[in-house]
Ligand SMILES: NC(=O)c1ccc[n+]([C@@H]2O[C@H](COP(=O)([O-])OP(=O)(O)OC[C@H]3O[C@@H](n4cnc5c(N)ncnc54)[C@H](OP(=O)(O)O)[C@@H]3O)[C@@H](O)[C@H]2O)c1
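Encoded as structure tokens, the following chain is the form predicted on its own, with no partner shown.
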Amino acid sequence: MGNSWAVITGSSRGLGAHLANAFWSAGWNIVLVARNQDDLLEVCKNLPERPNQRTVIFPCDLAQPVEVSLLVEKIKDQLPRLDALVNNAAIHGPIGPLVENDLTLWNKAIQVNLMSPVTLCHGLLDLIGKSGGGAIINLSGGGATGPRANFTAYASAKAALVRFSETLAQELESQGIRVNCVAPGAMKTSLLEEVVVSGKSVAGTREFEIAENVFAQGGASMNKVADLVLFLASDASLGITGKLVSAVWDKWQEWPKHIEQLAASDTYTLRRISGRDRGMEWGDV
């Protein structure tokens, strides 16, 4: 993988820093993106020395559209190619009932969780295409596949990100560029800690108890998430595109044996459930 390049957003802490280490250990050159330059430098400092690999850091506030556009230009100027774009950065935005949300913060969540990945995909597709294929991996999250009360901004952005990924996957399939989403599961991160800090009265009993349980028992494995993201970035996943893959529940290691069946199926995608799907024939024409 010595010639392969990956861009990872939100890579200064949590899952993003874990992904940076995983890609580096797998032999990738990596571009790390986050708001704080010192935090990015700390991640780089902790990587094992490998003279044949390169790291590049780009401090960027993904909540600022102008900064994201400048980031695109910097990446295009400095990278010879791009083999994987991992849109990992995320924020919750306002937590609590919509009527009490600050809509400025609501829009900021849409910008970071949805529009920044869209902008990066839009601006970097030509660079990804130079490798003759490549992969885009967008990190989904709680709320993408079902309602999540008190997290309207986050859930709406993540659901939109999944449908964007499915649609883009169809557009790019003929070019050999794969686009998939990863549902990582509830992990012990600073993002989830916000749910605990916000309290049961704001986040809701269900969300608060899930978060508390994760911090008590450890939650989903970041190693499993990293293994899945690396798989989707590698040639081992050729033919797998337009899917939402769970790092916790899906046996994705078996998928390469069933490429044709996967490609012909709407499994692992967002779809409307009709009455017929649940045996309610009275509900549909």
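Each residue number is its position in the shown sequence, starting from 1. These numbers were taken from a predicted model, which means no experiment stands behind them.
Heads up, the form predicted together with the ligand isn't pictured, but that's what we're talking about next.
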{"item": "Stretch in contact, per heavy atom within 4.5 angstroms of the ligand in the predicted bound form, of 171 to 179, 196 to 204, 134 to 142, 73 to 81", "value": "134 to 142"}
{"item": "Residue (of Ala226, Ile57, Ile240, Cys60) lying close to the ligand in the predicted bound form, criterion heavy atoms within 4.5 Å", "value": "Cys60"}
{"item": "Ser234, Asn36, Ser221, Ser69 - the one with a heavy atom within 4.5 Å of the ligand in the predicted bound form", "value": "Asn36"}
{"item": "Heavy atom of Leu191 within 4.5 Å of the ligand in the predicted bound form", "value": "yes"}
{"item": "Contact label in the predicted bound form: Ala186 to the ligand, heavy atom within 4.5 Å", "value": "yes"}
{"item": "Any non-hydrogen atom of Tyr154 within 4.5 angstroms of the ligand in the predicted bound form", "value": "yes"}
{"item": "Proximity of Asn88 to the ligand in the predicted bound form, heavy atoms at 4.5 Å", "value": "yes"}
{"item": "Contacts with the ligand in the predicted bound form - residues in 12 to 30 whose heavy atoms fall within 4.5 Å", "value": "Ser12, Arg13, Gly14, Leu15, Gly16"}
